[in-house]
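Here's a solo chain for you in structure tokens, the form predicted on its own.
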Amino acid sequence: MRGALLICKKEFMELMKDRKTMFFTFLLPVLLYPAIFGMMSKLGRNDEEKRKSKASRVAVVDASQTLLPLLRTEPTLFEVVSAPEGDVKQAINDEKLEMQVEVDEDAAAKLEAQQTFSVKATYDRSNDSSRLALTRLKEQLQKQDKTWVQARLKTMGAPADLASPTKLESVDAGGESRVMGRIMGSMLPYLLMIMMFAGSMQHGIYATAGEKERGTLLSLLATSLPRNQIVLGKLLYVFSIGILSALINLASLGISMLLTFSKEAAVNAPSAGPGMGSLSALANPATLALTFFLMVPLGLCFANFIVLMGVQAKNAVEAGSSIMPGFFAVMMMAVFSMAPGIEKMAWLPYVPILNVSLAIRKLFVHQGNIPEYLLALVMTVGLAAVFTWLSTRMLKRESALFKV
């Protein structure tokens, strides 16, 4: 094992000589995520403030003048504009107005006869301003409906509570931490897989096929170190880079999310959503430790695959081409792991790599299943051992080492 540690040390010393690679691998993620989240949060707040401070442009078709006076009494919420010529949907898509409201022609007569009349709202669901206009209309209609109903009840001499026989009071059994746990549980495996594989790939190619191209592999093989020690050393280096890259990216991402959510909560509490309390409740030592224990053998699997492809490639370009299908496969599995409802699939705990995503997902929603966790851990460790055995055997083959 001493020889493997020497090889790993050699690779790290070569890495430390390249300041640009050190910056992009370890320092850039620390600076990138706070900048991205800070910019997104600031732009989001500014955009929301602008939308809320601006009246929604609404075209109203109301021959009976039933709702038009109501909308005109709220100039801070609605700006009544003329109905557009041609296709109203196209006008809304072109952002000439946010919404068109069409009221029954005989709405006033129906209201007088205590009948229901219909209101048709045409809006663009993909546009935030248009959705805000619809939300404002619903709120105003709810208030006006209550006023009309109370007036009808008063006319009949009935109590106002007659219109509301029940009062629903909801209690959230899960709490904010469970909501945030579902979000993090679906995103975290995806982020970990992509970050570990991407972080290992470049350095793995450099340490294997790149060493062939530089001509230093022959010098390394001429030493007294056994070949299995050489491949284990390179494997340890690639694995360490992948783990470090994932941890640094996730730490920066987590801190950025904490700061962003806590700032949002301070500005717009309690409507800002899950804040620092719910996130810190998820990051308990047991959950993080169990997640780390699962990611170690998974990272070893990725490192083994990268080293295996790099060892048998004749140059860095071929190594990259051989590794890329594996990267796409990992990305597809990571995306699949984010799909809703996958935790209900009975066969998923028996699928390598995907069972790791499932186990992590359940850990973060406090539904950890010990048999499923152990099954994922054992299968991933076994897969890593098989890849390690294959990599060691491949390095002993002259055809792999001296492929041209």
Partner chain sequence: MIQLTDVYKTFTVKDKRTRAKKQVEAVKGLSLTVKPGEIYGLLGPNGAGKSTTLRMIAGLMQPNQGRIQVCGLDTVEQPEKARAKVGYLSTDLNVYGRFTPRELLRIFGEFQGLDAKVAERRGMYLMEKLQLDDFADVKMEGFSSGQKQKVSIARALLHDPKVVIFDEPTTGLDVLTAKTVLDLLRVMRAEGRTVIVSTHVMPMVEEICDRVGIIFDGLLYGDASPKQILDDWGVKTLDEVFFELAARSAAEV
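Numbering follows the first chain given and starts at 1. These numbers come from a predicted model, not from an experiment.
Below: the form predicted in complex with its partner chain, not depicted.
Peer 1: Any of the heavy atoms of L225 lying within 4.5 Å of its partner chain in the predicted complex?
Peer 2: Within the cut-off, so yes.
Peer 1: Answer with yes or no whether V386 is in contact with its partner chain in the predicted complex, where contact means some heavy atom within 4.5 Å.
Peer 2: No, V386 stays farther than 4.5 Å from its partner chain in the predicted complex.
Peer 1: E211 near its partner chain in the predicted complex, any heavy atom under 4.5 Å?
Peer 2: Yes, contact at 4.5 Å.
Peer 1: Find out whether any non-hydrogen atom of L390 is located within 4.5 angstroms of its partner chain in the predicted complex, and reply yes or no.
Peer 2: Looking in the predicted complex, residue contacts with its partner chain do not include L390, since no heavy atom lies within 4.5 Å.
Peer 1: Pick from 159-167, 225-233, 69-77, 320-328: which stretch has non-hydrogen atoms within 4.5 Å of its partner chain in the predicted complex?
Peer 2: One stretch meets the cut-off, namely 225-233.
Peer 1: Have a look at L290, A121, L247, L220 for me and say which one sits with a heavy atom within 4.5 Å of its partner chain in the predicted complex.
Peer 2: The residue in contact is L220.
Peer 1: In sequence order, which positions of 4-38 have a non-hydrogen atom within 4.5 Å of its partner chain in the predicted complex?
Peer 2: Counting only heavy atoms within 4.5 Å of its partner chain in the predicted complex, the contacting residues of 4-38 are L6, I7, K9, K10, M13, E14, L15, K17, D18, T21.
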